[in-house]
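A single chain, nothing else alongside it, follows as structure tokens in the form predicted alone.
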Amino acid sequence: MKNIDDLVESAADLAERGLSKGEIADELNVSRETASWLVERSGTGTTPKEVPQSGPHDIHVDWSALGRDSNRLHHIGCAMADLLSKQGEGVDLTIGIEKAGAPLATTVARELDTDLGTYAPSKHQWDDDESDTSDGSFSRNFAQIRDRDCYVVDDTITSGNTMTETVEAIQQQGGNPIACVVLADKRGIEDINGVPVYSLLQVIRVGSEQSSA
């Protein structure tokens, strides 16, 4: 995507397909507030409202050139695995945060010789009314926590809320998150609840406030 109009068009297309604003935020690697603004600006929002011309402070990370090529995706996953390789001993589970974190976690799990699990965060159900949002969940089609040490993998950190939710969900299941890794971190987060966070890229906005999403 080259500019804001492309993002607006993509948000409209995703909304018309029935995706929630939380899912649109995940697909476009933007905050939920930005996703809501893009949908409303496109005119596909469910409730007509006056939309400000300038969107929320945010940075869009487009890594589709990596994601659409299995060879590139493999090498990126290997680099992420390398960041985790010296964290913990005997870690035997990697948790990928759906959707985009799951394919990255697959390569990480293979490189580090761990089982693979996935977590669907609550933001996928978010639209305009957060009161209707249910808890996230671990897929039963993959490995379960069962009091194991684990790594956590996602594509981007925008606010840190999804990674925090995942770390806490693992802990509630009796698991022990050893370290987290992402492709790009837009917040510069060093740790979550004492769990270190690593990234291949840190995206820093210079000259304006960071996103409060």
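Residues carry their position along the shown sequence, with the first being 1. Since the structure is predicted, the reported quantities are computational estimates derived from the model, not experimental observations.
Just so it is clear, the following notes concern the form predicted in complex with a small molecule, a form of the same protein that is not shown.
Undergrad: So in the model of the complex, is the small molecule close enough to G160 to count as touching (4.5 Å, heavy atoms)?
TA: Yes - in the model of the complex, heavy atoms of G160 and the small molecule come within 4.5 Å of each other.
Undergrad: Does any heavy atom of T34 come within 4.5 Å of a heavy atom of the small molecule in the model of the complex?
TA: No, no contact at 4.5 Å.
Undergrad: Give a yes/no on whether S42 approaches the small molecule to within 4.5 Å in the model of the complex, heavy atoms considered.
TA: Flag for S42 set to no.
Undergrad: So in the model of the complex, is the small molecule close enough to I97 to count as touching (4.5 Å, heavy atoms)?
TA: Output for I97 is yes: heavy atoms within 4.5 Å of the small molecule.
Undergrad: Pick the stretch from 66-74, 141-149, 25-33, 167-175 whose residues have a heavy atom within 4.5 Å of the small molecule in the model of the complex.
TA: The contacting stretch here is 25-33.
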